[in-house]
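Just the one chain here, laid out as structure tokens, in the form predicted on its own.
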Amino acid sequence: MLDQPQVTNGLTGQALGRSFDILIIGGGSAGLTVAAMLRGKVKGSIAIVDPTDTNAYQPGWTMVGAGVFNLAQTIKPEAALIPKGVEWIKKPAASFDPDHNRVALADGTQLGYRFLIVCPGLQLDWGKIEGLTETIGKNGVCSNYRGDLAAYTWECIKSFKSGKMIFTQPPMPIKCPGAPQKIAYLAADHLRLTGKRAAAEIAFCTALPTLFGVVPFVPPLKAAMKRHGIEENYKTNLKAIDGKAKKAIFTVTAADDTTSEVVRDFDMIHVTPPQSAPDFLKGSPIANAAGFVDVDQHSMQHLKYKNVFSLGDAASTPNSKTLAALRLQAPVVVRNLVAAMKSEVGTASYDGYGSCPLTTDYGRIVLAEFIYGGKVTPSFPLDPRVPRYSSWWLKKDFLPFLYWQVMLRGIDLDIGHRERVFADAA
């Protein structure tokens, strides 16, 4: 157990006018990882700004939704994870003033910094789908994109007897672009294993024009769709939902870019919500036009403010927004920040690595690993396009261990990945 952090909040103290050598905005996976890595590498004060009480291993929520994990296996108290010597300021951030090296909190407190790391993650925009907030978590409307809702996904799947299942995917960016289809495969496989598959019509409706953004992995995923008998619908974006009436309204974009509305009936629908940069980041001086922290895609350093860094889902880097990405971004940020503290130019470089264990069945996973440019870069010698039990073990047993016991403890573990070209790739 890590030592308990010093907590600064409205009850135990005030942070008015205080300044830190390193201020980290966001205490999720990215913030905790870089804080743990910085501990022992730099001298001076470090603080994490985050109001939440718990930290979650979010990649595990697909497994919760499929009945493999329970929610408790994916959540730990934030206080137990803050590294020793790092102060926890349990308040939300509100705005940035990088010209004066200051961050304002929601209660008006002003914090100063020498160096700033911004990693608050993505915001789930449930309200952008009309009617969703009123029906999510009931009426057969579920989602694995929130921990407290993932168990309801499993309830919907295991109690399903017959009818129509729909699984949706909104436009990018979203956390783990493979997650919306993983649960579709697992639902279909569960119905097969329990003898109910013939009684179900299953559809995957994605706003994207393809199943996956890295071309070599599309054929095995299309094969999984065919094997499970899942109807594929592209450029089909969920616009509104009526849970009581069991109807979902989609906007469908045709080849000539004209759009139309299609109403689909459902008995169960798994919704992936639209996602964006947090509202307090959008329009700030450190954000780009899309609202993400405007950093160099290799150094993770801000393009204008050289004492500002970012990593994880809130960074503007054009990589897949996965936990695997920030695992390799974190050491780059730490090395380049340490260099900047010495008035040196950092040389550490992030290559865009991301990984998505695409669960095609219970016990089988396509382990997609890739870097910038859609180049396939597996860490293991086997063909990553083939669904394997070994990748299932990796997803189910090793990766949670890697998260809790390696990443969040600040251990820099790079298994190593290397580009491979497949002559038979589509």
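No experiment lies behind these values; they were computed from the predicted model shown. Residue indices: 1-based, along the sequence shown.
What comes next is about the form predicted in complex with a small molecule, which is not displayed.
In the predicted complex, the small molecule sits within 4.5 Å of a heavy atom of G28. Not displayed here, the small molecule is kept clear of F250 by more than 4.5 Å at the level of heavy atoms in the predicted complex. Among residues of the shown chain, Y145 is one whose heavy atoms approach the small molecule to within 4.5 Å in the predicted complex.
Proximity of P83 to the small molecule in the predicted complex: non-hydrogen atoms within 4.5 Å are absent; the residue sits far from the partner.
None of T317, N336, T153, T322 but one reaches within 4.5 angstroms of the small molecule in the predicted complex through a heavy atom, and that residue is T322.
For the options I166, A179, L111, L132, the one in contact with the small molecule in the predicted complex, meaning a heavy atom within 4.5 Å, is A179.
Figure note: of the listed segments 35-43, 370-378, 58-66, 385-393, the one touching the small molecule in the predicted complex, with heavy atoms no more than 4.5 Å away, is 58-66.
Heavy atoms of no residue among Q297, A348 and G352 are located within 4.5 Å of the small molecule in the predicted complex.
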